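Here you get one chain, nothing else, as structure tokens; it is the form predicted alone.
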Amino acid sequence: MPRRGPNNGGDKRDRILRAAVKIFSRNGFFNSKVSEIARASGVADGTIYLYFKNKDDLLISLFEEKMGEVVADVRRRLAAGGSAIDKLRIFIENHMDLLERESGLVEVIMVELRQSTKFLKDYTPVKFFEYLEVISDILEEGKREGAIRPDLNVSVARRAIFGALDELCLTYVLSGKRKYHPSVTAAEVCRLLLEGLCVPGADVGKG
């Protein structure tokens, strides 16, 4: 029987994905069993395989669908308008706010997904690249507005911005959510990106 897609039997599939977040975040990816996810979602073990090939496929599907929701949500927030700098702040605040709004999901994506060999070696994370494109769009808009320097390498900058946010989120998750408050950290990241490290007039040199 062919594996069902997202729009076929959606209710059961959604229940399975929600249960997977709960089980993966509680037990870890390697220690989680398909039977536990089936039990938590109220379906038979075999039902899981009508929608997903295996546990890795379930984890990757979870990532793609949830990242798709994150991308759609941040695009809606950015569509409200404002300058590119405003939008960059919104993006950063939204990213850090996910730590509180979707704590279980973030933990699965930040920690458990990195343990999937299939994800790291064989999979192209389409929705993740869409998320990076959101940053690129903001930076390019900032260039057009004259708020961001015209010689900025957007490809490098978007990775640097995401990398900083990713590291802060990972530290937050691994530290048991004790290190800092997400909204305070978002404000500091914005200040660092927009104002830099050096005091005005400092001799930064070139080498």
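All residue numbers are counted from 1 along the displayed sequence. Remember, predicted model here, so these are calculated numbers, not experimental data. Just so we're on the same page, rigid core means the largest C-alpha set that superposes within 1.5 Å between forms.
Although not depicted, the form predicted together with the DNA is the subject of the following passage.
Note which of E69, D45, E145, D166 lies within 4.5 Å of the DNA in the predicted complex, where distance is taken over heavy atoms; exactly one does.
Here the answer is residue option D45.
Between the options L170, A40, V34, I60, which residue brings a heavy atom to within 4.5 Å of the DNA in the predicted complex?
The residue in contact is V34.
For the chain seen here without its partner, which of 61 to 69, 158 to 166, 26 to 34, 135 to 143 has a heavy atom within 4.5 Å of the DNA in the predicted complex?
Of the stretches listed, the one contacting the partner is 26 to 34.
At the 4.5 Å heavy atom threshold, is K12 in contact with the DNA in the predicted complex?
Although the DNA is absent here, K12 would touch it in the predicted complex, with heavy atoms inside 4.5 Å.
Can you tell me if L50 lies within 4.5 angstroms of the DNA in the predicted complex, counting non-hydrogen atoms only?
The answer is yes: L50 has a heavy atom within 4.5 Å of the DNA.
In the predicted complex, does S175 come within 4.5 Å of the DNA, counting heavy atoms only?
The answer is no: S175 has no heavy atom within 4.5 Å of the DNA.
Is there a non-hydrogen atom of N153 within 4.5 angstroms of a non-hydrogen atom of the DNA in the predicted complex?
N153: no contact with the DNA in the predicted complex.
Flag for N153, CA shift 2 Å or larger between this form and the one not shown after aligning core
After core superposition, the C-alpha of N153 moves less than 2 Å between this form and the one not shown.
Taking the rigid core as the reference frame, is the Cα of G28 displaced by 2 Å or more between this form and the one not shown?
Moves: yes, 2 Å or greater.
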